[in-house]
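A single chain, nothing else alongside it, follows as structure tokens in the form predicted alone.
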Amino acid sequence: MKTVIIGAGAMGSLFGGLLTEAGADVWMLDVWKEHVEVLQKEGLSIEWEGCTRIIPVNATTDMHKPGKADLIIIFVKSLHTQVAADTAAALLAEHGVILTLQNGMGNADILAETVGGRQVLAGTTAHGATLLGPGCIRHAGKATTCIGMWREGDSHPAARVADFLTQAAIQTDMVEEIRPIVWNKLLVNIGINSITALTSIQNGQLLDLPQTRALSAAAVAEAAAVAEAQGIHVATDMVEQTFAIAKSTASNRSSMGQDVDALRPTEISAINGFIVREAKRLGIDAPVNRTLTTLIETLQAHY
């Protein structure tokens, strides 16, 4: 299955490297020229549990070079999804499929509108990766990836991609109902990302003060109410799950926190901002998420 990874940051490089290592025909496509040049000349360096290995990979900044692909995996930031969707539409083989494992909501819908809903898979991955520098990542943790068809239809493409990823040591389950799983991950991001980004704390420090835990819990509860109003049944213990993930990733800076640290645009619009828009559409009040969204937007406007 010829594969193109659009967005070769930490997670895109990890998946591209593991698939390549398993013998798959993979191209990694990214706009970061320095990163791509290191990948081309020296290969991808993956650090795992104190050991480092180098994997020769195919990488390019030229969207035309990979040719047609049977599978395209999207790992770009949500604000770049439309550009990635246009690129994917040009590269996708006639019976190919696109998989988004991005953070936030709205990405799969953009892809579906651009290439056709029956060709779009969505999912979540609990693998962890950190970009250490051009051509170098740290594989921070292994866990299950879940994928499914974004819109109703034959689930065979999702099952085929799940098998393909699993054979490359990326344990992947195919599920019939992917939306609740994507929403569950969204709620965790809502409870952690913006608060840690605004306060310059690590994930685990979210749990230090009762008032900070209460703020996180309120944001998660608002988002859960929006999900339920749309008939999406999220887990009933999402606040506890959010706190558990904050604890298990205690020393990490959230992705939004890293964006703020680096003075980069954040994915606030696809995370807390998505809840604000959906709440307004449904006639639900979401004051906590509205405040967190406004604060992040104000902060990044004044970098």
Ligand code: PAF
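Numbering starts at 1 and runs along the sequence shown. Because the structure is predicted, anything quoted here is derived from the model rather than measured.
Note that the form predicted in complex with the named molecule isn't included here; everything after this is about it.
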Residue (of His139, Arg179, Lys185, His80) lying close to the named molecule in the predicted complex, criterion heavy atoms within 4.5 Å: Lys185
Which listed residue (Asn189, Thr145, Thr87, Thr114) meets the criterion of a heavy atom within 4.5 Å of the named molecule in the predicted complex? Asn189
Okay, which stretch from 66-74, 24-32, 231-239, 245-253 lines the named molecule in the predicted complex, with non-hydrogen atoms inside 4.5 Å? 245-253
Heavy atom of Asn193 within 4.5 Å of the named molecule in the predicted complex: yes
Partner proximity in the predicted complex: Thr172 to the named molecule, non-hydrogen atom cutoff 4.5 Å: no
Asn203: touches the named molecule in the predicted complex, heavy atom cutoff 4.5 angstroms: yes
Heavy atoms within 4.5 Å of the named molecule in the predicted complex: does Thr124 have any? no
Going through 83-111 from first to last, which residues have a non-hydrogen atom within 4.5 Å of the named molecule in the predicted complex? Asn103
